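Here we start with a single chain on its own, the form predicted alone, put down as structure tokens.
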């Protein structure tokens, strides 16, 4: 058993190294567009200034850090009682990374004249909105929810490259790409855990647009998503539509998660609450009143 876990650990490290190498290539490609822009690459108009980008990123990071805190609490308290040591170690490490992102982005926001304390999330975010059910009830649902969260987080950072390029915010862009690398490493790690521990038909990389909850395939891009070699991005509007239901609760709320009227992921009409209709919104499906 321990040998098996040791092998899993080695595989995680090898995949992490491979993902890091791949992301260096992606970063080089992104920076190449910055040095030698094409008409298509700059077709997107800036919609956020650097401070707004940091506030947006800090909101997402606070949510991720909170999600990992609750996930690790669920494991430590025995609510999720079958998480192997390799999964426990990964979730603790990833949660520490997200908290560090919160700390660092808060410092950047202060340097821009912003107030990180004004960037708030609800006391009880509606995480049931991710799958349409409690993601902390069992290990398969927890890892599936984390896969959606981490894939979306990596795509969200890529979606802000144009805004930071337009503002010549080189330092913030460099920091965003460094965080993006870590978010993608988390996504690959979670995917690997689902594949090896749960037998899920998934790989550490995205093979199909159906595996993510944002719009992976777009037309008119210089490097489209195809044949698993390149990955897409998510715009602010798309991300906020997906995250909005999670942020629906009042920031002052201290009670249990409120009911939600939307869901994300692979849902059907049968999964929708009574009185709602399954509709496709940008990046995924939602049960709408």
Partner chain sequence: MTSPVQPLGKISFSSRRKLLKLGLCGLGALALTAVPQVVTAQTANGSRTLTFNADDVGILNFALLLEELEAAFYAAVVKSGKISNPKELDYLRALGRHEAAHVVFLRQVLGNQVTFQTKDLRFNRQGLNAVLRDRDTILNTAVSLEDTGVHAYNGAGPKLTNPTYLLAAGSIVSVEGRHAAGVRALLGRPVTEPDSDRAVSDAELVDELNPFRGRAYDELYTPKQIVEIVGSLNLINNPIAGALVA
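Because the structure is a prediction, the values reported are computed rather than measured. Numbering follows the first chain given and starts at 1.
Just so it is clear, the following notes concern the form predicted in complex with its partner chain, a form of the same protein that is not shown.
- With the partner omitted here, the stretch from 74 to 82, 137 to 145, 101 to 109, 119 to 127 that lies within 4.5 Å of its partner chain by heavy atoms in the predicted bound form is 101 to 109.
- Contact annotation for residue 244: none of its heavy atoms lies within 4.5 Å of its partner chain in the predicted bound form.
- In the predicted bound form, none of the heavy atoms of residue 69 sits within 4.5 Å of a heavy atom of its partner chain.
- Residue 206 belongs to the set of residues with a heavy atom inside 4.5 Å of its partner chain in the predicted bound form.
- For the chain shown alone, residue 238 is not a contact residue for its partner chain in the predicted bound form, no non-hydrogen atom being within 4.5 angstroms.
- At a distance of at most 4.5 angstroms from its partner chain in the predicted bound form, all three residues 175, 179 and 225 contribute at least one non-hydrogen atom.
- In sequence order, 170, 171, 173, 174, 175, 177, 178, 179, 180, 181, 182, 184, 185, 186, 187, 188, 189, 191, 192, 195, 196 are the residues of 169 to 198 having a heavy atom within 4.5 Å of its partner chain in the predicted bound form; the partner itself is omitted from this view.
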